[in-house]
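As a starting point, one isolated chain is supplied in structure tokens, in the form predicted on its own.
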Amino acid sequence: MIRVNEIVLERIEIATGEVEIDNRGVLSDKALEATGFTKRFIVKKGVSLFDLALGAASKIPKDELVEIGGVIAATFSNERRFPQLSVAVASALGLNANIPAFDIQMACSAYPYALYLAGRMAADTGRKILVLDGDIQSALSDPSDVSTTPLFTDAMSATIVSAGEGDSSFVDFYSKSSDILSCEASGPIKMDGFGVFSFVACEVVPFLKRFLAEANETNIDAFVPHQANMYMVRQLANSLALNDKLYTSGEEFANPGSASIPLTIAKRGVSGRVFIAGFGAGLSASAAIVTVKKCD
């Protein structure tokens, strides 16, 4: 466990694909019931990851943009090797060129990782950090793979992060190499559904239980995990005795990758002390307890 300055999420803006896809008739009734994903959203043809990211970040008021002292982009689907997504968006927003901007390539567990880095930067510099997290997964999906492709939504989040002066947050990580969820540079995304379920049940659940025990925090207001499958998420919350704290958005937006966490926080109006957890491709898992400000 790593103890850090309080990580404060001051604002989260979201952009999703504009094309709604009905999964009924594509997924079996059993798969629909298990995943809970009756629909998903993908971008229109020609829309890039940069377009989606700028769409989210542009919703941030200009008076808040001037306070940003760094940009971190967490994604695995950038079509361009460089300039990095973080640099391109920072430039498009008119941010000062004398600030750090860099990308990290991660999938399901990316958001807590990015928040950890943003929190450290915010604490060290006294400036707010913009975290871009999300992917265009449809570009890396095989349309003929009806067991995987109907799960994914295209989405991007833009989070303003600061370092608080109050309580500390707790951040933890887990990394293990495996091909049960993999993707080559040009796609497609490949997934062994049973293997992922086993990973969550056998490794993620104990990992998160240890995290909560070591964190020893009694005032958690909400639990927002990555949502690869609604049945799996409910089982996870039950295993952690957090059913009454669970917030989800997969019923409405399917699986937007690591952006499922900020999307849920924004769409469900979650605030307070929030336990977040990312897990999946890598295999990787990450967890943190952060403070989310209540936005107007």
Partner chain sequence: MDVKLHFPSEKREDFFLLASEIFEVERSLLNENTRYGDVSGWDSVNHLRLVMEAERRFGVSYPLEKIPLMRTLADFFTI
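Predicted model, so just to flag it, every value in this text is computed and none were measured. Positions refer to the first chain, counted from 1.
Keep in mind that the form predicted together with the partner chain is missing from the display, and what follows is about it.
The closest heavy atom approach of residue 236 to the partner chain in the predicted bound form falls within 4.5 Å. At least one heavy atom of residue 34 is located within 4.5 Å of the partner chain in the predicted bound form.
Among heavy atoms of residue 202, some come within 4.5 Å of the partner chain in the predicted bound form. At a distance threshold of 4.5 angstroms between non-hydrogen atoms, residue 82 is out of contact with the partner chain in the predicted bound form. Of the candidate stretches 43-51, 256-264, 26-34, 63-71, only 26-34 has residues with heavy atoms within 4.5 Å of the partner chain in the predicted bound form. Screening 105, 219, 198, 186 for any heavy atom within 4.5 Å of the partner chain in the predicted bound form leaves a single hit, 198.
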